[in-house]
Ligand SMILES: O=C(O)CCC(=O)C(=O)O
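Shown next as structure tokens: one chain only, the form predicted alone.
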Amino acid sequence: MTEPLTESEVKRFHQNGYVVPDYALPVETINTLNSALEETIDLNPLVRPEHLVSAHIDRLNDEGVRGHSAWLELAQHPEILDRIEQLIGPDIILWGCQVFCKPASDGMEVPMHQDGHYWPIQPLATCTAWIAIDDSNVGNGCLRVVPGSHTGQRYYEHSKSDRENLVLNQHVDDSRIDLDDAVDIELHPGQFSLHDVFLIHGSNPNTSGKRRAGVAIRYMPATSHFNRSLYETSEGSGYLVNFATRPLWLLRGKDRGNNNFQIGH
């Protein structure tokens, strides 16, 4: 049987820290997600559309966002999971999902950063699927990455910023990294990128006249442990994050990291 990711795609992921599979979700799926996005935004009038954290939880979650079942359904899409399995193995846990919708002319910047600085996963291992709902391009603030910055699984120095209009207030501030090496990942609706937890990435503000919406789904191998006591609930990253009651879903395989799948459900 032919694997969903080709051998060269798997190689590019391990070499560069990211890959854009030669696949796109069906138009019908994107239409459903567009409707879900509008409903999710309407349900959260006081939340910036870039801050729709844990949107896959179909209720008012413990991070202040009222979610929608469509995001959980998307996270379980077999075409996505088959590719995730090739990269992190057969035991897969869904632990996070965030909708990033940058409104036209007013979309917030995501400074260049590494996710793992504030994620309670031990050993740290996650593959993120970033799925485009709209065209995502340089003009409207697409995802940007520094290829190869995941190599060696090293942490780079970060600083906090008090600038306004930032999705995240932490950014890479390390002389070992040249952010001019960043490349843009342009996607059409239904396309998605997969990136490693140690990869440096971010996105520019959306100053164009076109919306840029996408959703990031976080998968971890069930060989790792989601340590709820590692970080306190806080708004230290720029918005409320509550790992203490964040629910987990074992989507494939077996749990081998002594994780709790009852909390938060």
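Since the structure is predicted, the reported quantities are computational estimates derived from the model, not experimental observations. We number the residues from 1 along the sequence you see.
Keep in mind that the form predicted in complex with the ligand is not shown, yet the notes after this line are about it.
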**Asked** Looking at 149-157, 180-188, 67-75, 94-102, which lies within 4.5 angstroms of the ligand in the model of the complex, counting heavy atoms?
**Response** 94-102
**Item:** Residue (of L143, A132, L194, I121) lying close to the ligand in the model of the complex, criterion heavy atoms within 4.5 Å
**Value:** L143
**Prompt:** Which of R48, R218, R228, R211 has a heavy atom within 4.5 Å of the ligand in the model of the complex?
**Reply:** R218
**Request:** Could you confirm whether V110 comes within 4.5 Å of the ligand in the model of the complex, counting heavy atoms only?
**Result:** yes
**Message:** At 4.5 Å between heavy atoms, is H56 in contact with the ligand in the model of the complex?
**Reply:** no
**Message:** Taking the ligand as it sits in the model of the complex, is E85 near enough to touch it, meaning that at least one heavy atom pair lies within 4.5 angstroms?
**Reply:** no
**Asked** If we check the ligand in the model of the complex, which of the residues in 174-209 reach within 4.5 angstroms of it by a non-hydrogen atom?
**Response** H195, H201, S203
